[in-house]
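There is one chain below, alone, in C-alpha cells, taken in the form predicted on its own.
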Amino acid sequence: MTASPNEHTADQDEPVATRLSVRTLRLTDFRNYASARLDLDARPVVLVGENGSGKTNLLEAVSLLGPGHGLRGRPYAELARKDGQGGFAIAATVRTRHGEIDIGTGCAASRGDENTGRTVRIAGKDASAGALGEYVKQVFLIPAMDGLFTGGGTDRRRFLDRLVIAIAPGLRSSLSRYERAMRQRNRLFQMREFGASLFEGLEEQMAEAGVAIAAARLDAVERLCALIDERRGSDTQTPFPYAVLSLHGTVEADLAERSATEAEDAFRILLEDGRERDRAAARTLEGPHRSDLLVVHGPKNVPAAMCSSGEQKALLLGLVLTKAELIKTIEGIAPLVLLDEVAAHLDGIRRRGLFDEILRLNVQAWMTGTDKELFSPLGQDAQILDVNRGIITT
C-alpha cells in the first residue's frame, strides 16, 4: 500500500544539510508487511493505529537504515514475515548531508540451521552495516527503555554508546576489540589455563581499547552536560527536567587524573593483578564493561531511580532530545528521532512541549500512537498516516 502525503511547501527550499529525512520507504516481507511503500517529505511523521497494527514495525524498519540491530535488537531472522518466502528487504531514499542516497538492507532466507547475516547496499554498492552511520544517525525511545534508570548498568551503557558511536564512529571498533579480547581472556579462565604469556597479549589489547572506550564516553558525557547547562542558561522553556550526569568506572576515574598512556598501563596492571580473582569468578570483573552512567533529576537533586515513573519518563525523554540536539550541533544535521508510544504517557503540557522541541530541533521525528487527536497540535507541521494491519493511508 502506498501513502503519498502532499509535499509541505516549506520543505521545497529547505537546504539539504538541514535535517536528515526519509523520502521513500519500501518494505518487502518485513514483519506484518508483505509489501508497503511510503512517499514522504521532511516533516515529522505520525503513525496512528490500534495496538498490533504495525506502527512500531515501521519504526523498526526505519531504525535499520542506520547501523546496529534496530531499535528492538531482535535477531534478523525474526524480522521476516511469518507467511513470507523467508528473509526481508527494506529500501529507502534518504536525504542526508551528502545529498539523497539510496539505501537497501535486508536478510536472505535462512538455509537449514544456517543463519544469514544482514546485507547492506549504499548508493548501489555493497557496504557494511557500520557504514550506514556515515549517512543515517538516529536516536530513539521505546517502552522497553522505561526501566533504564532502575535496571542494571548494561542498558545505560548501551544508551550512552549509541550516542558516542553517532559522534565518534571509531568507538564501534574499540568496543569490538575490547569485547573480543575479553571473551578470549574469560575463556582461558574457564579452560583453567595459567600461562602468563597467554594473558599478556589479551590484557594489552583490553587496556588499549578499554581506555579508548572510556575516553570517548567521558567526552560524550561532558558534551551532554555542557549542552544541558547551556540550555538551562538560555531563555528556552522546556517542560522536561534537566539531568545531572556522571560516568562511574575504574578506568574513567584514572583518566580524570592521568594521561591516556598512564591509564592504559594502570588498567593493564589491574588486569594482571586481578587474574586470580577473575579466575575464581570465571569472568573479568574490572573494566569499561562494568562502568555505569549515573543520572540525577536535576531540579529535585534526586537519583533518577528514586523518582516517580512519570518523572523518569520526562527525564528520559529530555535526555533523548538532548542527544538529538548534540548530534545536530556536532554533525551539522539533525538525526532521525524515533519515539514509540510516547505522547499517550505525557500530560498536555509536556506533550505540547515535546512537539515544540521537535519543531525547534528541525528533526524528522517518527512517532506512534493510538489516538490521532493527541497529535492535533502539530497540525500541518506533520504528516499523519493511519496504519491498519499492514495497510497505510493518509
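Don't overthink the numbering: it's just position in the shown sequence, from 1. It should be emphasised that the depicted structure is a prediction, and the values quoted were computed from it without experimental measurement.
This protein has a second form, the form predicted together with a small molecule, left out of what is shown; the following refers to that one.
Asks: Considering non-hydrogen atoms and a 4.5 Å limit, which listed residue (G66, G54, P335, P44) is close to the small molecule in the predicted complex?
Replies: Contact residue from the list: G54.
Asks: Just one of R351, R31, K328, R37 has a heavy atom within 4.5 Å of the small molecule in the predicted complex. Which one?
Replies: Exactly one listed residue reaches within 4.5 Å, namely R31.
Asks: Can you tell me which of 318-326, 78-86, 281-289, 267-275 lies within 4.5 Å of the small molecule in the predicted complex, counting heavy atoms only?
Replies: Stretch with heavy atoms near the partner: 78-86.
Asks: When the contact criterion is heavy atoms within 4.5 Å, does E50 count as touching the small molecule in the predicted complex?
Replies: E50: yes, in contact with the small molecule in the predicted complex.
Asks: Is R72 a contact residue for the small molecule in the predicted complex, using a 4.5 Å heavy atom cut-off?
Replies: Although the small molecule is absent here, R72 would touch it in the predicted complex, with heavy atoms inside 4.5 Å.
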